[in-house]
Each structure stands twice: as C-alpha cells, then as structure tokens.
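Given next, in structure tokens, is a single chain: the form predicted on its own.
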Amino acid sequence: MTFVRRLGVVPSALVLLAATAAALAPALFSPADPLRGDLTQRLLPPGATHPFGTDELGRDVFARVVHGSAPSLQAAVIAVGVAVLAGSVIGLVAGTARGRLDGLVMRAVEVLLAVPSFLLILVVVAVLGPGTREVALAVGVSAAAVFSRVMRAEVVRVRGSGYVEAAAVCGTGRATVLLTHVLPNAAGPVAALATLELGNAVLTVAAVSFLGFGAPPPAPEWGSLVAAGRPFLASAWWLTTVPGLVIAAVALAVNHLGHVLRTRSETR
C-alpha cells in the first residue's frame, strides 16, 4: 500500500501543478476566448483543433475549462482558509478556556456537525446570495466545525505536555505560552486535515456551482460547465464528461497528496 501511494505522488503532483498553472496563467494553455462562440463550429467533438470539443454556441470547451480553473480553485482555497481560520480560533478558545465555556462552544460545534454540511451550505448561500466568493464562504463555514474539534483536541493534548507546564512555572505569560508552545505544536494535524479538506472543497464548490449558485453565466466554472452540458448529454457527451473528469482528477490528486502528507506527519 505504501508503494502504491508513493507511486501516485508524481502523477498527483503533476495534475495539481497543471491545474494551478492553468488558474494562474490560462493564456499559456489556451489562447482562445472562453466567451466568444462561432455557431458554425457548434457541438464539434474533441479533435485536433478543439481538444475538448465545442459547446452549443461554438465556444471552445478546453478554453472554458482552463479559464474556469481560477474561480473554481480560488473558491476551494478560500473555503479551506476560512474553515482553518475559524475552526482554529474556536478550537483554541475552547481548549484553552475549558470549563463552562468549553462545554458551551463544543455543544454548538456538535450542533453544526449534526446538520448535513450541504444543507448548511445552501442555507448560507441563500442568505449571502449567489457568487463565487459567497459559495467559498459557505463551504468554509460548513467545514469550520471539523477543524475546531481537531484543534481543541490538539490544544488539550499539548497543554498537558511537560514543556508547556515548565514554561508556565517559569512565569511565561499565558498568551506567550499559547502562541510559542501550544499553537505551533497543535497545528500539524490541522494542516494535514486542511490538505484533505481541499479536495472535498473542490468537489463541494463544483456541486454548488452545478446548482447555479456560482458565478453567473457566461463566466466559466467547472461545476456550471457540467450543468450547462446536461441538455446535450445524449448527443454531445464531452460537454459534461470532460469537465467532470477534470474535477475528479484534481480532487483525487489533492486527496492523494493529503493522505501522503498526513501519513508522514503521523509517523514522525
């Protein structure tokens, strides 16, 4: 199993590198305009001129997938950042305060965990309105509870360590102990969880965009591209299949790298 995981590191890294490069410099991959169509070229299958085919308006699907990398990956990264930041603060406060405040905070976290995450995302999007940033914030809020539980558990574990107690006995301030001893040593599992959550965020952002809550058309997003191809599923399979395969490849690559990083952090 270890050999198989190591064997998949290079392909996963290449997929993630290609997706990141497409998000940062889409013109290097496709000079075509993702918004301009040519009705004489509509619904062409994948070929040499159009590697991913064309859609019902004659727009190059490869160009739309490439240009859709930026908003899709940006939303996933923002979502994980919001979840890590909010969850870490909540977990740090709960693990440090203990007592009634700890119990109150963790009961609230358990309530959030009891609510289906996708339902919570839809509620937040309904409040904030549609849009890529709003979707990213909603996905981040739904995942914050998981990070808060992990951070609290690590804070409680680290607080009982000898070096933390020694620093407190030596007169080191409480805030200094938290920032220099507790937080750095509790951040490892949270960082490993963040890499795993990034793959889930890619899928969730695409799912919410598929439902029409992402960027408004004709702006390309991976989830909206899959949704736009549904009416042509029987006659133009590439409109949904190709963006779907891209989403799956990126999510699997991120998850695989996350599992490898988490395994290495646990063995140290």
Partner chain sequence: MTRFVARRLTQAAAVVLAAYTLTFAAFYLLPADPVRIMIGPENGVDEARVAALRAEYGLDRPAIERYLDGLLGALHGDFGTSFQTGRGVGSTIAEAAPRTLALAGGALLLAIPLGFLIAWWAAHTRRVWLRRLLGALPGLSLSVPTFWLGLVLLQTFSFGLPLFPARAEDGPAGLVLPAVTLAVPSSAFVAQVLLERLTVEMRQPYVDTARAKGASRARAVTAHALRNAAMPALTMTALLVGWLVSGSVVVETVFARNGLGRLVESAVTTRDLPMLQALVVVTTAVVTLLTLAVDLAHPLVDPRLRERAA
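Just so you know, these numbers come straight off a predicted model, no measurement behind them. Positions refer to the first chain, counted from 1.
Separately, the form predicted together with the partner chain exists; it is not shown, and the next lines address it.
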TODO: Pick the stretch from 223-231, 38-46, 56-64, 22-30 whose residues have a heavy atom within 4.5 Å of the partner chain in the predicted complex.
DONE: 223-231
Open item on the list: Please tell me which of 127, 89, 104, 97 lies within 4.5 Å of the partner chain in the predicted complex, judged by heavy atoms.
Closed with: 127
TODO: Identify, from the list 122, 192, 78, 153, the residue with a heavy atom within 4.5 Å of the partner chain in the predicted complex.
DONE: 122
Open item on the list: Can you tell me if residue 247 lies within 4.5 angstroms of the partner chain in the predicted complex, counting non-hydrogen atoms only?
Closed with: yes
Open item on the list: in the predicted complex, does residue 52 come within 4.5 Å of the partner chain, counting heavy atoms only?
Closed with: no
TODO: Although the partner chain is absent from this view, report whether residue 85 comes within 4.5 Å of it in the predicted complex, heavy atoms only.
DONE: no
Open item on the list: I'd like to check something about residue 207: if you look in the predicted complex, is any of its heavy atoms closer than or equal to 4.5 Å to a heavy atom of the partner chain?
Closed with: yes
